[in-house]
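Below, in structure tokens: the form predicted alone, a single chain.
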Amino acid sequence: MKTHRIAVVGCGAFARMVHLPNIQANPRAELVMTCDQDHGLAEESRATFGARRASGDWREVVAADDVDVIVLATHTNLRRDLILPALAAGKPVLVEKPLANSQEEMIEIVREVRRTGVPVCVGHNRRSSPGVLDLKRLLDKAIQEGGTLVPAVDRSAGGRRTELPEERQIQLLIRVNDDCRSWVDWIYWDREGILFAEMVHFIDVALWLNPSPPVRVFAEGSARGNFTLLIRFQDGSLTTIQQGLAGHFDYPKELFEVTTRHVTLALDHHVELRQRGLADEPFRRVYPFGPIPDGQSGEGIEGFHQAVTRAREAAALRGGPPAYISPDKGHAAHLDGFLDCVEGRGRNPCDVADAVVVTRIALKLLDAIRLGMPLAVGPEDWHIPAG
């Protein structure tokens, strides 16, 4: 088994909560360096997660002979400047989303990836969530086969009525329950806000699930939060992304509901997937979450709620905040898939060309929310030329 020597650039809250623990726990990874412009934070992360050394300068990471792979977890103000020399040095990069905040920067990165042949993976990790992977599999099956389960009420002469074009369209609703108290302050000073920094996750899922290209977008609300995004696709399919920033952090954050060809699918916070319409598939699938409080034995969304309640009860007894009960959103699998790609044994979980399209659509939605009007999406937005 190959061991990948990894450096993490950007040791903020997300890296300390996700990337650094995942690297530490992965038997294929060795944490060599932690790097942050705040050298004290880099040193603290080194000590906590067992890296060999810490640095305050990302250039030292790119130049290091004992670093094979770089995980870039900074704000988008550091993307091209690190990624281009890293690729020139032959070092693959796993970069947090969004890929960049300008068209020019993104295209430079794509061209350098193609020139060097060194892979860059973007952290659209929902693609690697076990629940989302099953959601996509069942949706693809519904698109191909249609629903096979007889409904309780049927006035279509047993399905013999001429099919409507709308029956083949995909209606996707993504509800995001957010709590603005969980975000650090920079997000509310950023011009792009949560709409750009976080919604690229869900725009990516929408584009990944829909085989038809997008043709129009509209957005209403504030880019900082409390907005609704609408993406229309060429075949008439629609995706609605509804986000609220005044929810409670302990309530499940993400709900995906999708219908097509008389199949209904619902993925609840990555811990439970339900379906009706596919006769040969189970109604319910469940996925892990953690940590599991003492005495908690439920699973799925009900088990998740039980775990949150017990974590709060335990916190009330000992004092301090409750444990964070986290579903599997695919972060660890995304890293593992990228290491497979680096070894030449698998596809890139999210290459830069896919991420460019996602980011372009996010930027167009930002324009739509500022202008208060729908905007057209053309091939120049969703098609990346070869070569």
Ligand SMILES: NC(=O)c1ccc[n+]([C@@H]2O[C@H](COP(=O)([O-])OP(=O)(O)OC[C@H]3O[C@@H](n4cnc5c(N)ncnc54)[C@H](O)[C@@H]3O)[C@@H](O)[C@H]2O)c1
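A residue's number is simply how far along the shown sequence it sits, counting from 1. Predicted model only: the values in this text are computed from it and were never measured.
The discussion below concerns the form predicted together with the ligand, not included here.
The partner is absent here, but in the predicted complex a heavy atom of Q37, alone among N26, S326, T48, Q37, sits within 4.5 Å of the ligand. In terms of contact with the ligand in the predicted complex, the residue from T239, Q243, S128, T74 that brings a heavy atom within 4.5 Å is T74. When the ligand is considered in the predicted complex, K97 lines it closely, a heavy atom lying within 4.5 Å. By the criterion of a heavy atom within 4.5 Å, L365 is excluded from the residues contacting the ligand in the predicted complex. Although the partner is absent here, R79 is a contact residue: one of its heavy atoms lies within 4.5 angstroms of the ligand in the predicted complex. Although the partner is absent here, A13 lies within 4.5 Å of the ligand in the predicted complex, judged by heavy atoms.
Stretch 118-126 is the contacting one of 118-126, 86-94, 305-313, 167-175, since its residues have non-hydrogen atoms within 4.5 Å of the ligand in the predicted complex. Residues of 331-347 placing a heavy atom within 4.5 Å of the ligand in the predicted complex: H331 alone.
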